[in-house]
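Quick setup: one chain, the form predicted on its own, written in structure tokens, and binding and motion questions come after.
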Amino acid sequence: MEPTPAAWADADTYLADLLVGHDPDLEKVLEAQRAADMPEIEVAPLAGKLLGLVARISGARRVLEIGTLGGYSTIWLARAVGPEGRVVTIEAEADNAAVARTSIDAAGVGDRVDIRVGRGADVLPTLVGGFDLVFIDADKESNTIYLDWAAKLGHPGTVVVLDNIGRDGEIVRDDSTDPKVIGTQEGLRMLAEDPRFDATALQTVGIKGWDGIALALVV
């Protein structure tokens, strides 16, 4: 089979059907996002389950998410932390946060989720630390700001997941003028050079195209 975007998407769909399956609550999240004309930039189903598994494997009980959108990844994380866990999620757009609140409550995990509305750079300094996992999926131009706060609000052993690091392969270009690419490069460089982190990254292909995640440990 030729390695084309269509083939990537077909393989992604096959794996999601096999390993994630039908999830009415999550499917309703996507329906609500579409009804609200929100961008379809939530994590793919396989990535959502990966987040949940990482949270469970690490034993995370306090999770920080930067970039709520419609609450799709938030629900995965809230399920993973269990009834005694908590997820604090930050969303810059009040309308998005309202859609997310409805979907998260409908999924039965609303009591575990605290949605903070505002720009990440403004909200993060108001939070109390001690987070076990930080998922960063917001404006790429602010990646270094978010990573700095992930270290400050975490502890040795905190897991940090930085989304959308592939940028269709544009991360290798040193002449890029795309702010998202530049922000991604700066975030990756910070993970490589900042002694607070030990990190790696994986590029991915699938229904979201050519992308990837960085995975780091606060040391």
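As the structure is a computational prediction, the values presented were derived from the model and not from experiment. Residues carry their position along the shown sequence, with the first being 1.
Another form exists, predicted in complex with a small molecule; not displayed. Remarks below refer to it.
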- Item | Proximity to the small molecule in the model of the complex (heavy atom, within 4.5 Å), stretch among 95-103, 119-127, 134-142, 78-86 | 134-142
- Determine whether any heavy atom of Asp163 comes within 4.5 Å of a heavy atom of the small molecule in the model of the complex, and answer yes or no. yes
- Message: With a cut-off of 4.5 Å between heavy atoms, is Ile41 one of the residues that contacts the small molecule in the model of the complex?
- Response: yes
- Item | Close approach of Arg167 to the small molecule in the model of the complex, 4.5 Å, heavy atom | yes
- Item | Contact label in the model of the complex: Lys28 to the small molecule, heavy atom within 4.5 Å | no
- Interface check vs the small molecule in the model of the complex: of Arg189, Arg61, Lys180, Lys152, the one with a heavy atom inside 4.5 Å is Lys180
